[in-house]
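One chain is shown next in structure tokens, namely the form predicted on its own.
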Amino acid sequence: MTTDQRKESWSTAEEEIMQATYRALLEYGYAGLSISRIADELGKSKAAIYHHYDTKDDLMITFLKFTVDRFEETIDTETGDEPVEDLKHAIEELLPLQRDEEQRRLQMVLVSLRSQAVTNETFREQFTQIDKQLAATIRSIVDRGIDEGTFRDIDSSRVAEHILATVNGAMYGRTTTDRHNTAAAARVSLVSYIDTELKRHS
């Protein structure tokens, strides 16, 4: 399933509710989130939300899909003719050294929601899907590099999982701690991995 196939079509009303949920979640956190607070952010009654969603859980499941769509837009990896540069570009998109405010807040929301996947099976399914998609994107670049002779004949699935695990760890670390060099260190490590372990040297 491609990223475009996964994207939802959002009505104006849904977009407004999702944006209100996003603002409320940033202000109150998942534990303090309620339909009333989302309605306050929306500037409408709770009935306007219940018209679209039966319960808070239904709303949050939809919100996670909405957030995943937004996240995927921020990592749009435009591939070219150079697998090495394409792979480095993907890592740069996933781990920008300087996040703008939108990227920072979006990653805060994703990390907050990912923690709920420990006990929420639906959330777990959604995060499983996004990780699979990210791994598939990385794997396709590595496979192309192997076919073209740029990369050594290596297990692309193992490479993808290694890169994804490093990215996820760095993203979690920079969002939940004050260790501001986490992303930079992870990127240096991954670039070194690409240059020394993946690239075919004559």
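Numbers for residues come from their place in the sequence shown, where the first is 1. Computed from a predicted structure; not experimentally measured.
A second form of this protein, the form predicted in complex with the DNA, is not displayed here; the remarks below concern that form.
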Only one of 61 to 69, 142 to 150, 38 to 46, 166 to 174 has residues with a heavy atom within 4.5 Å of the DNA in the model of the complex, and that stretch is 38 to 46
Non-hydrogen atom contact V191 with the DNA in the model of the complex at 4.5 angstroms: no
Is A13 near the DNA? Define near as a heavy atom within 4.5 Å, in the model of the complex. yes
- Query: At the 4.5 Å heavy atom threshold, is S157 in contact with the DNA in the model of the complex?
  - Reply: no
### Message
So in the model of the complex, is the DNA close enough to A135 to count as touching (4.5 Å, heavy atoms)?
### Response
no
